[in-house]
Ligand code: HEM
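Quick heads-up: it's one chain on its own, the form predicted on its own, in structure tokens.
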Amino acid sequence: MPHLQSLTVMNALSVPIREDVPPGEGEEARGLADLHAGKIRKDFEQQPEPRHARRGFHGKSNGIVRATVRIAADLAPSFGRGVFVPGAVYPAWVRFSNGAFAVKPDGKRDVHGLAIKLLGVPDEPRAAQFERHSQDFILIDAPALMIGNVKQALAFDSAMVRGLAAIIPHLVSNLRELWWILRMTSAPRQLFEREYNSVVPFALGADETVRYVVRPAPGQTLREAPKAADNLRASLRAQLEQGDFVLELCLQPRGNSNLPIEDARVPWNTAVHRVATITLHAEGFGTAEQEQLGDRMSFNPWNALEVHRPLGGLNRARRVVYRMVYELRSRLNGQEPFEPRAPEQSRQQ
């Protein structure tokens, strides 16, 4: 068994959090970053004019939606940390996406993403100095991943970039990954058919580790659209045309269980607790201005308060990879890094 390096960081309460880092993980994370940066450059260079650098992950947007996030007023004290201030209200953006880099018809099997950006977040100690007044949550419609750590991610993504001649033998040699891909992917008619999960852990203050879960609030009717290349966007539009749609933001604490921090292949089986509602609004949905705004945004799990610090190897790699590909995409598109502001912040400028 390879020797694990103990990584100790200090959270916002000056309490150490221990993570076990396998040897070579830093080099593997940089390898992942170079791999995805190369993919973005190659795609950009092969496009006809006017060219546009796409996201390295979740390339197809199913819509960027205005939202209001309300933290439960009766929140248990053990959950009331960081942005989870009982009764707090945040304006937010929610981006829905398909997981593949390539833009494909919605009838193709894929994973589907839900990314939340809270605005107007207090200026408190942060996990990384990417943005000052926001907090991101990134989830997919699956309870776990087909790969568990950075080494496995590098092997899988390297094979994917090389194409079918590489990915087929890779999956034949890693049947567990193939099995999980089949479980993870789907071709839904509606974005809210399955729950969304962060699939990797995060700190909650000094003494708890959680995953995030998002699910529709009960008692709502789901609207579908006819099966088409962009039926997920159409179904989201149909849903919002009926009025606001409400999701629940939940915490899934690890508690005293032995669920792994460093293996994202393992679904968590602990209880899920609602801590907030996310009300989706139709205002501006589908307009060119709103879509352009969504395209400029970065969603990064490290854009977080320190009390919500990302944990585990895949999150450590994301700190390197996500920032590199965002800066590359911004540079290729002739844009400056961008942090959206809450309405009251915008009025103060």
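All residue numbers refer to positions in the sequence shown, first residue = 1. Only a predicted model underlies this, so the values are computations on that prediction, with no experimental measurement involved.
We do not show the form predicted together with the named molecule, though everything after this point is about it.
- By the criterion of a heavy atom within 4.5 Å, residue 312 is excluded from the residues contacting the named molecule in the model of the complex.
- Although the partner is absent here, residue 195 is not a contact residue: none of its heavy atoms lies within 4.5 angstroms of the named molecule in the model of the complex.
- In the model of the complex, at least one heavy atom of residue 318 sits within 4.5 Å of a heavy atom of the named molecule.
- In the model of the complex, no heavy atom of residue 119 sits within 4.5 Å of the named molecule.
- This chain lacks the partner; the member of 146, 276, 92, 140 within 4.5 angstroms of the named molecule in the model of the complex by a non-hydrogen atom is 140.
- Relative to the named molecule in the model of the complex, residues 56, 322 and 325 are all within 4.5 Å by at least one heavy atom.
- Residues of just one listed stretch (151-159, 169-177, 74-82, 254-262) have heavy atoms within 4.5 Å of the named molecule in the model of the complex: 151-159.
- Counting a residue when any of its non-hydrogen atoms is within 4.5 Å of the named molecule in the model of the complex, there are no hits in 222-259.
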